[in-house]
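Given as structure tokens, the chain that follows is alone and in the form predicted on its own.
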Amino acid sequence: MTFGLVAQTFVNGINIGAMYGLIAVGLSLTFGVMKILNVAHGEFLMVGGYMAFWLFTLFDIDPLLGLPLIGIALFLLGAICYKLLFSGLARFHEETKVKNTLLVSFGLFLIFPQVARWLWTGDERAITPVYSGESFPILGVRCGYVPLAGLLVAVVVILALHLLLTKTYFGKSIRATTENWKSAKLMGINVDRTYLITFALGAALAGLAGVLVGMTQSVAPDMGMQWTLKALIVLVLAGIGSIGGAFFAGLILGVVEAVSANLPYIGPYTVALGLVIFLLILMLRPQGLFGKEG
């Protein structure tokens, strides 16, 4: 491969990796704090993508300008789902909680695509603003406006989340609840509200990722599972509860997939490569690249 092709592949990998990282951060937040294994996490991404498509086609709202609206809508949707389905399981023993939330979220995984087909039919939808497909050269590498905007959005959102978790009282309550929710409750922290907002934030992050996916690829009712699998792979790659690590692990996975797609013998099996990485990390470093042992 020439230098130009390597550089272009690297840029493409970072662009897709930013979306991997953004959706994985949402899953890492809910699982790391609450031990809720939400296999319908990708369905929130799908809903966010379709909402951006609706705003763009019906109201001519640019998807990037519509990000705050979609973030709020998915936050509310996540809060409703948590209150109705997960709140009763929040204080179960960790092992029991994982098993039961897995079953409940699997029900959401079955319901959401059916609702999407009823609202938007089964056709794939793409969000195509006027600048879609446009790019500019940097040192011989073409950088698309849409992927670059997606990368910037992902970085800004992750930085904002980092500040929320490290510089605010609510962030401290999240970290305290993660360590021991019973002790946190004795210290005056509203554990129920912390869990609800945490789950809703995870859904909102997935919805924002859905907007970026709709602008760079397409949105379909059955797309949720493939993105949930990517998020799980990144979660294991980074380590449970590592928010910043999940974003960087997403970038790593995106670059690895982009490079492998151009290799002669590995290219046809790029989709399986992520699962291979998943198994290797579980066997060789179960705490992940950025997680702490124990």
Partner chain sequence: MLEVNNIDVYHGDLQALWDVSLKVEEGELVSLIGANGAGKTTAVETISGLHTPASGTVIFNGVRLDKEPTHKVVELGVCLIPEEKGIFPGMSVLENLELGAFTSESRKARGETFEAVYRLFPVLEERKKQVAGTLSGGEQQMLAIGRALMAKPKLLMCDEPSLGLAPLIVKSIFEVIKQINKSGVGILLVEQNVRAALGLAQRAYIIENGRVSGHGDAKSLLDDEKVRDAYLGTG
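Positions refer to the first chain, counted from 1. All figures in this text were calculated on a predicted structure; none of them were measured in a lab.
The form predicted in complex with the partner chain is left out here; the points below concern that form.
The contact with the partner chain in the predicted bound form, taken as any heavy atom within 4.5 Å, belongs to I189 out of A200, I158, L151, I189. The listed set S132, T166, S87, Q217 contains one residue whose heavy atoms approach the partner chain in the predicted bound form to within 4.5 Å, identified as T166. This chain is displayed without the partner chain, yet in the predicted bound form the stretch 170 to 178 from 71 to 79, 137 to 145, 121 to 129, 170 to 178 comes within 4.5 Å of it by heavy atoms. Of the heavy atoms in T96, none are within 4.5 Å of the partner chain in the predicted bound form. R91 falls outside the set of residues with a heavy atom inside 4.5 Å of the partner chain in the predicted bound form. Contact annotation: A184 falls within 4.5 Å of the partner chain in the predicted bound form, judged by heavy atom distances.
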